[in-house]
Each structure stands twice: as C-alpha cells, then as structure tokens.
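Shown next as structure tokens: one chain only, the form predicted alone.
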Amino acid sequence: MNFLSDTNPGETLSQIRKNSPLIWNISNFVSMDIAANALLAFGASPAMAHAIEEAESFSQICKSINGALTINIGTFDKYWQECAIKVANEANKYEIPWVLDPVGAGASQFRNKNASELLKLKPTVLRGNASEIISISNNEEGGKGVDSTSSSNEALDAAKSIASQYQILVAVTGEVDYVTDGTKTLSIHGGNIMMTKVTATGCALTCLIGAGLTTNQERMSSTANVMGIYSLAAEIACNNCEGPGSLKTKFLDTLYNISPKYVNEEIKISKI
C-alpha cells in the first residue's frame, strides 16, 4: 500500500457514490460543462446556479441534504462578485462546507480583490495552482492568466502561511499536489502534464473536492483522497488517449469506472 492508512481513499469514493451529494457551484463559463460532467461521473449531483436570488434557497437545500458549495472566480463580473459574497455568507450561516478556486489570481486587481474578499470569509478549502497561491500570499500582480508559472513545491510555504492565517485548508496543485492546514501537510503524487491541455480540468477538481467534503471523513483526508483519485484517473486517461480531445472523454470515463479497491491499492499520499 502506498497511501496513509488513516486517509482511506476508497471510502471517500464509496461514500460519494452512495450518497450522491448535491454540489452547488458558482462556476465559470469555461468550466461549467466539464465540472458538471466530472461530478456526475464521480457520483455526485451538480447544480450550476448563479442567481443571487437563489442563494438562500440553495443554501437551505445543501444544509438539509448534506451538500457542499464551490466558488470559482474565473469569469466573474460585478454581478457574480456580489452573488459570490452573498452565497459564501449563506454557506457560513448554514455551516455548509465550501471550496474557493481563485482562478487567475495575480492577473488583475479585480481578480485579486475577488480572491481577497472571499478568502476573508474563510472557505473550508482554498484550491489553486502554485502561481495563484503565491499571488494570494503576496497580494501582488503576476503570473500568466490561469496558467501556473511556478511549481507546487515553490508555493508550499505560501500555502502554509495562508492556512495558518485564515485557519483553513489550502490545496496546491502541480507536479506534486499538497494539502496543508499550516501545521500538517500531505503530499499527493501522480497525474499527467497532458491534463493542462484540456481547459478547466483544475476547476473540475475543485468541484470534486467539494464532493469529498460531504463525507464523514476528516476534511484534510477527504481533500487529499479526492486529489489522489483525480491524479490516478488522469494517469489512466492520459495513458489511453490519442490527444486532448479523446483525453477529456477518457478522463470522464475513468472517473466513472475507477474502483475503490484500485484507489486503495494505487494512490500515493504521504505526510511531509
């Protein structure tokens, strides 16, 4: 076995498939399709609902059926910004776990403002690539749009700092993935760089992490488990595709077919 015995990734997958949790996503235009389909393939039930008028209703639904929320700032405008703030406050009021994806943080002052304001509301998990996490930590402009120009290892200190300051979990994706609460850190190995040739695969991971938060497992473990399952699915799909077009299909098929037994045997999660 390559995984830590106390994370139990197969159980994370089994619980999601058994419970089919509702994952409410304030997502972006680019990611809606792959994020919704990845959630369905994983066993969850996606809701892409952005109207500010629905914030309280969906919060109550998520609370009543043990759902989760994800917020992705990728294509925000002023309306979406206001909606996201209201939705995050509603989630906190009803104690709904939620994940913040600060897509492109560092590329503009508007994105930085969105990320900063939402971070102050203390998401359960902040999930970003290395450049996004470093930018949030430094609160400086930089990076290259939504693409990472730094390695996940370079962002680890920044992730720990953010996690400690806000008392949240921070997940950094890259060649090696990390999850930290500022004190304890788990590393997740796997994946394939070809995944970067299919847009919004990272956004889809954010939504899957949201599904993991609905299980009864400790939240750092569930987050690492989902990231590990995603990495395994990515490896399988990349090894069996002909290019980015078929990769998307293979990836969704793999998420659907991957078994808890295979996950438990092959996942690579370790403590740092």
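Residue indices: 1-based, along the sequence shown. Owing to the predicted nature of the structure, the values given are computational and were not obtained by experimental measurement.
The form predicted together with a further copy of the same chain is left out here; the points below concern that form.
Put simply, G74 is close to a further copy of the same chain in the predicted complex: some heavy atom of it is within 4.5 Å.
For S57, a non-hydrogen atom is located within 4.5 Å of a further copy of the same chain in the predicted complex, even though that partner is not displayed. Looking at Q109, you'd find a heavy atom of it within 4.5 angstroms of a further copy of the same chain in the predicted complex. Remark: A158 does not count among the residues lining a further copy of the same chain in the predicted complex, judged by a heavy atom distance of 4.5 Å or less. The partner is absent here; in the predicted complex, the one residue of L119, M194, I168, V176 having a heavy atom within 4.5 Å of a further copy of the same chain is M194. Taken together, the three residues Q15, A68 and I209 all stay farther than 4.5 Å from a further copy of the same chain in the predicted complex, as judged by their closest heavy atom. Residues M32, D33, A36, N37, L40, A41, G43, M48, A49, H50, A51, E53, E54, S57, F58, I61 of 32-69 are found to place at least one heavy atom within 4.5 Å of a further copy of the same chain in the predicted complex.
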